[in-house]
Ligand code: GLP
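Only one chain is shown below, in structure tokens, and it's the form predicted on its own.
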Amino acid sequence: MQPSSETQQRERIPVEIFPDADAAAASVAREIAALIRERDAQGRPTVLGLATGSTPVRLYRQLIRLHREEGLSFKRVVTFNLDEYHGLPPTHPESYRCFMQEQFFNHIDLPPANVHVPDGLVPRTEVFASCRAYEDAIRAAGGIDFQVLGIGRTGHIGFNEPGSTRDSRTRLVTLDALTRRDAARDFLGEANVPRYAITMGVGTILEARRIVLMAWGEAKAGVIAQAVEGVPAPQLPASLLQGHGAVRFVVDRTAAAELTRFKHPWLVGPVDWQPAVTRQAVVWLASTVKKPVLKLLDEDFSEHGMADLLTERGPAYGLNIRVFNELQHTITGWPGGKPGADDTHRPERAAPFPKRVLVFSPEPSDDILGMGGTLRRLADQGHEVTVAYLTSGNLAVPDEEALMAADLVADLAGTARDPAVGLADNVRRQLQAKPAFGQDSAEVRRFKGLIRRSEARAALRHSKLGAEHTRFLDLPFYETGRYRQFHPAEADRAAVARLLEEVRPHQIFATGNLDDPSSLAAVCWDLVRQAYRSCRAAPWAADCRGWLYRSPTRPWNPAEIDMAVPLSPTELALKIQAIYQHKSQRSQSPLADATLHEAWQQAEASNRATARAYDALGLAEYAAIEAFQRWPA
């Protein structure tokens, strides 16, 4: 592929970047609609290869809209889905057949006979023949005209896990450990995730006449950059799409963040050296040559493609001092502002003091994982802290944790007349009778939510925050939804807005702004953002600042940080103890590093890594650092 511009010279697959996922999905939907109408006019069917997961949901919504509002017909469309879990019946809510019916097929005029999804219940001895029949059906339909793809964090397309070859065909595969961890919450625990799936092969996918891979959110940014700019290899199956004559990636801005043209633009073309880009470049250079910022020399800049930076902003000595001071000014032990101090170069203003601080946590534990040390610091320094848990978190409690809690309640109570015993007994019976891959009843979900409330309170006690500092909003959208299939409504936004008006915060801490828009964190972030906007005319809002924290799996680079809160070894140990109170979540969250098996390990590693990064740049050495970005609320 010939790059379309100088800045894209490292990209081996064309990448279209949109401001958000909805705009990107609308563009792909228009392209598919045009293809269908063109084929209809020719009297020919259109064969679509379809994907599941959260990524294509927005595309399917757009196609449904075109069907309802613009008369787009699917009567001559034939579809082939990429994959299906082996062992799941088509009626199971996490089966891909059920997903497609709910998200797409039930809302359009696609004839059921034209729908093809791999059979997840075919006996193991018949899987090979079933897969060959699936390939034969694709060929009999004339081949796939337009293949839709998502991408997993391992770089898998369909369920073609690392190690899949370019000539692989439809087959049974063993799911990668990271893939199963990513699906754990959908199945109420990793133990319930099927170990096998049937998937089209890479070779099958490459035979499609046109391929579009979509990706949203910063969690996909790294693997997108590797697939687009790296050498194609079976270890990253999406990279094997390189060389296809009609493939392109369609992504939102956050999923494109790791492409060289955004992350290191000075390596691929001329740069407008604004302060943020300058800081990004100097931090990158110091990390690359392994020198503190103040020891960088003119030749270091010149040898790494930044001679023009010295011309515009140099010499190196003065440039180094400016960037060093910017980094130094992000560090503060007073995340709520230091009363009576000169705050000219501090991240947070000194007045008012004490501040009313409102921390939004999508689920119980997100707050402690992302900013547990800072929570304790804010409490120690006298601020009025309120932690708001937006959802109950009951979907993330494994059955075995609920059974253990139910047994404990029953053993302690001692009388069947106690309502708590009745609830615990009902939960225990339902969980023991629950079939493989079964769903929780409302009663079980309520019980699991109580488990997470108890854990959240215990964790906050370790942060010197009592029950009076806590709000459990239990937003309705979560109680009626499933992971990656949430549908927030006005009632959810209104509940958040009421809390804002009640607390009238001087500081808001929130997370999820760069996540996949279908993720729980992103849904909660959008509700917080909308609710804040609805309150902007209120007097308190004029004096409110927003700060963003993030998951330990994706720590910020020092160049991206606006406030860095150091933690002493004792403070880090206390944070780990607070995280440990969320016992039901041990090993439940998706991990960036397979060597880190527990949530506290993720958080400790992330906070220590941020501190080491600051130290390597020549700043003060700390045991750990929690980091934040300003939210221009």
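This structure is a prediction, so every number in the text was calculated from the model and none was measured. Numbering starts at 1 and runs along the sequence shown.
Just so you know, the form predicted in complex with this ligand exists too; it's not on screen, but the next bit is about it.
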| property | result |
| --- | --- |
| Contact check for P364, S392 and H469 against this ligand in the predicted bound form, heavy atom at 4.5 Å | no |
| Candidate from K355, R550, R452, H156 lying within 4.5 Å of this ligand in the predicted bound form - any heavy atom | H156 |
| Proximity to this ligand in the predicted bound form, single hit among M371, I144, I151, A396 (heavy atom within 4.5 Å) | I151 |
| Among 81 to 89, 274 to 282, 245 to 253, 427 to 435, the region lying within 4.5 Å of this ligand in the predicted bound form by heavy atom distance | 81 to 89 |
| Partner proximity in the predicted bound form: Q585 to this ligand, non-hydrogen atom cutoff 4.5 Å | no |
| This ligand contact at P566 in the predicted bound form, heavy atom, 4.5 Å | no |
| Residue contact check: N513 to this ligand in the predicted bound form, 4.5 Å heavy atom | no |
| Contact of R484 with this ligand in the predicted bound form (heavy atom, 4.5 Å) | yes |
| Sequence-ordered residues of 329 to 360 touching this ligand in the predicted bound form, heavy atom within 4.5 Å | none |
